[in-house]
Structures are given as C-alpha cells and as structure tokens.
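Below, in structure tokens: the form predicted alone, a single chain.
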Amino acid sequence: MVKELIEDFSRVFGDCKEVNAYFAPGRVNLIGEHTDYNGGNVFPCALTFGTYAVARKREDRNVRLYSKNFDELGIIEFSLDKLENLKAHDWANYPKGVIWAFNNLNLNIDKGFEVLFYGNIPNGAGLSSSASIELVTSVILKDLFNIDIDMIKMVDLSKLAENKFIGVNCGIMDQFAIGMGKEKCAILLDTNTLKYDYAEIDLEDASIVISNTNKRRGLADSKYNERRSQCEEALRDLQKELNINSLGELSEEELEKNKHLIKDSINFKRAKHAVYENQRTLKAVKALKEKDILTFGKLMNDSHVSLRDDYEVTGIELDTLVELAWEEKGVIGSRMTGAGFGGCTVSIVKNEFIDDFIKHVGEKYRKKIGYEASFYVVNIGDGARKLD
C-alpha cells in the first residue's frame, strides 16, 4: 500500500524525494452514542482501515493537497497566510482546519508542504473519515516540523478544527479513539474528565461486523447540532436546582426524580437518552470484562431502541439493518453507530453465522430499501502514527 502511494505521490507532485508515510484509522463506537458532548462515557475502538498519507515539506509557504478519493478535484493549493474554510476546497478544509488549529497555539509551521491522501474508510459512512484525516494531518505536522506535542493535545486540536473551522459541534470521542487507539482493545473514555481505560476485546467465537446503509449523511447539515442544543437546554433546566456540569453526572434515578425541571418534553427525551446511554455503557464494559457477552449484546440492542425512540437519530435505513440483524441466528447484539441519519450499524455475530448474516440481511435490505448495503468484518488496530 505505502509503496503504491509513494509512486502516486511522484506522479502527482513530480518526484518522491524526502517523503514520509503516515496513517490514522477510522473508528467504530461499540456503545455510548451521543454521550460524548454530554459529559458521559463512550466505548469506541480504532479500526485497521483508515487514512494513509505521504508528505514532504516545501521551501515556500504554499500547501498542496491531493486525495486519490477525490481525483476529479485535482491538487488543492492554498497559502499558510490565508487559511479559510472555502466550499470549493471541499475535503481539504479538514486538514486546513488542523493547520489553523496548530497556528492558534503559535506552533512553528513556518513552511508549506505537499500531501497525498488515500482513505479506505467508506466516505460518509459515519466511521469518522473526517476525524481520521484530521489526526493524520496532526501527525504529519508534528513530524515535519519537529513539534513537541503529545497525542492527547493533537486530539484536542483536531476537535478544535472540526468545531471552530469546519463548524460541526462534535464531541471528543472520534478524535480520541483515532489518536489513542490500541490493537485488540476498545477505550472506555469518560468525556467529562478525559480519564480513559483500555479494555481488551475478546469475543471468543464472534466478530464485529459493520453494515453500511450506503445512505450518505453530512454532520453539518444534519440535525446533530439541534440534538446537542436540546441537551444543553435540558441541562440548563436541571441546573436551576441541581449542582451539575453535565448530563453524564446523573444516574437514571436522579434524572427521573428531577424530570419535572425540564420544561420541554422533547428535551426530556433527549436528556433521558444521554443519561441512560451513559449508564448502559458502564454496564456494557463491566459485562465485557466479566466475559458476559450476551449481556453486552442486549445492552447494544437497548442502545439502538433509545437512539430510535428517545434521540430520534436512526431513520428507516438504520432501523431496517438493525431489525434484520436481530432476526438472524448467531447475532449477539446490533445497533446503529455514529451520529445517525444514515451511516452504519455495528453487530456482534458468531463467526459460523457471518456469511449467512451478510447474505440474508443484504438481500432483505435491498428488497426493502431498494439499494445495496455493504458489510465489513473488522479488526481493532492501533491509533494514528508515522509509518516505517
């Protein structure tokens, strides 16, 4: 893969002298959805597919970016002296935003550079292609400019780029999972404190299967920001009598006891999901550590029901994939993953039934929805890094 990308770099930029290669994975969240911006817990893992990059420094202040995934757009070029989010620059606004975030800290990015990107994350699938390109750009900047910065700070700057430069009010989970991923482990992350713990994923005779609805969805123009503001309104109502900084601090019992404080019934439903999902995540990780995979699967199922009924971020495509999965033999648990409104589901399926699962769910989905779903049996890998 890397050798081929270096050859591509030479074709696009003229030669391949003094280049280095980098990688940042995609991620899937096993449970804990829409909790990361509510001060709750999440349980994501990095995947073995992601975003590759080949880069080298220039002597001027121009940045030249090219993506094999968007070949038709050609080389996108801009100056370090003019970092603006331009619609015409499309995907390149994500790495541009990371440069902007680094510059905000007065880090020494004094020269331009050239990068060829290639991602094998299904674009728009909700497996964090945007955070992946942000983190691989962060690793490139650290390496090319010898910046003394740790991964957690790069995670924070990548999130800043998405929030302030791109304009998507995402939480920390995607960038954290991609930056801090560890092979064969998921990360229990408390997004309120950023305390984290690695939990080994031992599914014994089962595997993680990601099912892609193939319905594209963009966070910026979805109802993602609306859901976040609804949770913030519910929190403000609760704070009139409760000394809390986030919904993630509440137990189910505390929320039910104080639900009269939340004026709007829709906002209560959003808060209910955030609080219950946070507790589900803690229960799920405990079950996994105790090798109680059946309880883990049931909590995944409950998570989807909550996302469908209380948070209302699923839609017919995701619901169809999950409901079809629940009918299949050998499925331990299944739920939507990511922001919703399209994207992917994550299922735990016994290995002996995976082929049947893909065949049956695929056929029934196509019959009901009218187009194909895609399926990936995935492995858990390490986080963003420079490649040898």
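We number the residues from 1 along the sequence you see. For clarity, every value in this text was computed on a predicted model and none was experimentally measured.
There is another form of this protein, the form predicted together with alpha-D-galactopyranose (GLA), and it is not shown here; the text below is about that form.
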Next item on the list: Consider the chain as shown here, without its partner, and state which of 122, 112, 297, 171 has a heavy atom within 4.5 Å of alpha-D-galactopyranose (GLA) in the model of the complex.
Entry: 171
Notebook entry, point to check: Since exactly one of 50, 44, 338, 333 fits, which has a heavy atom within 4.5 Å of alpha-D-galactopyranose (GLA) in the model of the complex?
Noted result: 338
Notebook entry, point to check: Any of the heavy atoms of residue 276 lying within 4.5 Å of alpha-D-galactopyranose (GLA) in the model of the complex?
Noted result: no
Next item on the list: Examine residue 37 and determine whether its closest non-hydrogen atom to alpha-D-galactopyranose (GLA) in the model of the complex is within 4.5 angstroms.
Entry: yes
Next item on the list: Tell me, yes or no, whether residue 91 is in contact with alpha-D-galactopyranose (GLA) in the model of the complex, where a contact means a heavy atom of each within 4.5 Å.
Entry: no
Check: Is there any non-hydrogen atom of residue 78 lying within 4.5 Å of alpha-D-galactopyranose (GLA) in the model of the complex?
Finding: no
Notebook entry, point to check: Which one of these stretches, 54-62, 26-34, 341-349, 359-367, sits within 4.5 Å of alpha-D-galactopyranose (GLA) in the model of the complex when only heavy atoms are counted?
Noted result: 26-34
